[in-house]
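Presented as structure tokens, the chain that follows is alone, the form predicted alone.
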């Protein structure tokens, strides 16, 4: 029997995914349910319990030593609660306590989804081998996490590295968070599309008004689409450079749907980074795409649980990876 397993949960507004993950980051069993995001909190929790139920019924479950949770935020790891923006039934919801009860009292580690993605990219992905890294998810929102001194740095509440709400435009648009000119307000997928539409870009016959459609137009040379991605890249570069200046990261890894735009995003991002990361100790900073894809949340939640359990466990790469 495997004795080095952890259970992992990846909780978002669309799906609740669960897995049993071994000490090399291999997913041995999966379970998933749609998130009943419009329902009350207990209904959402029932979906979580159904996912956990599939895991606990497995013969492998006996080897599970802990549970890691990566959740859409805000999260509060110190209180064990979650308040995901896109799950209104959960506000200050005692998720850690409920998961502990559903798993027979196993230790539970909670982090935000950006921190989970960071743990995954450091363990198995694009930040592997880097002791100081910023990893970002750029999609409907913009989140992130930090690796400092070779270890995940979630911060007291599990939200450290939340780069989406660094202000990079002092007189910029109001952000739903309450501040102005946040990275997310400029660089998230919906805001890239919004800016392109405001600039006069129009979708094709399919009516697709997403950032992915703007990226297609930008690749074809549409100047408004190109400008929207260039502004997003500039906002990301400013946030990344500010982070590097504060804590001396040497790589920034970008995942999420917007990163799939490829060179349309990364070329202007690298150019802008030269303009913002100007001090001698941040000039070597590199930026690249994430590698972990849709499994990042599960693998990262597992990594967070393993790290916590061992204090500073050596998270070894999977054999052959």
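Since this is a predicted model, take the numbers as computed values, not measurements. Numbering follows the first chain given and starts at 1.
Missing here is the form predicted in complex with another copy of the chain; even so, the following discussion is about that form.
Shown without its partner, this chain lists 98, 165, 195, 130 as candidates; in the predicted complex, only 165 has a non-hydrogen atom within 4.5 angstroms of another copy of the chain. Proximity to another copy of the chain in the predicted complex, taken as a non-hydrogen atom within 4.5 angstroms, holds for one residue of 72, 137, 146, 218, which is 146. Although another copy of the chain is omitted here, in the predicted complex none of 226, 261 and 291 has a heavy atom within 4.5 Å of it. Using a 4.5 angstroms limit between non-hydrogen atoms, residue 276 touches another copy of the chain in the predicted complex. By the criterion of a heavy atom within 4.5 Å, residue 141 is excluded from the residues contacting another copy of the chain in the predicted complex. Among residues of the shown chain, residue 155 is one whose heavy atoms approach another copy of the chain to within 4.5 Å in the predicted complex.
The shortest heavy atom separation between residue 247 and another copy of the chain in the predicted complex is within 4.5 Å. Stretch-level contact check against another copy of the chain in the predicted complex with heavy atoms at 4.5 Å: of 277-285, 47-55, 61-69, 291-299, the positive one is 277-285. Using a 4.5 Å cut-off on any heavy atom, the residues of 166-193 that reach another copy of the chain in the predicted complex are, in sequence order, 166, 167, 168, 169, 170, 171, 177, 178, 179, 180.
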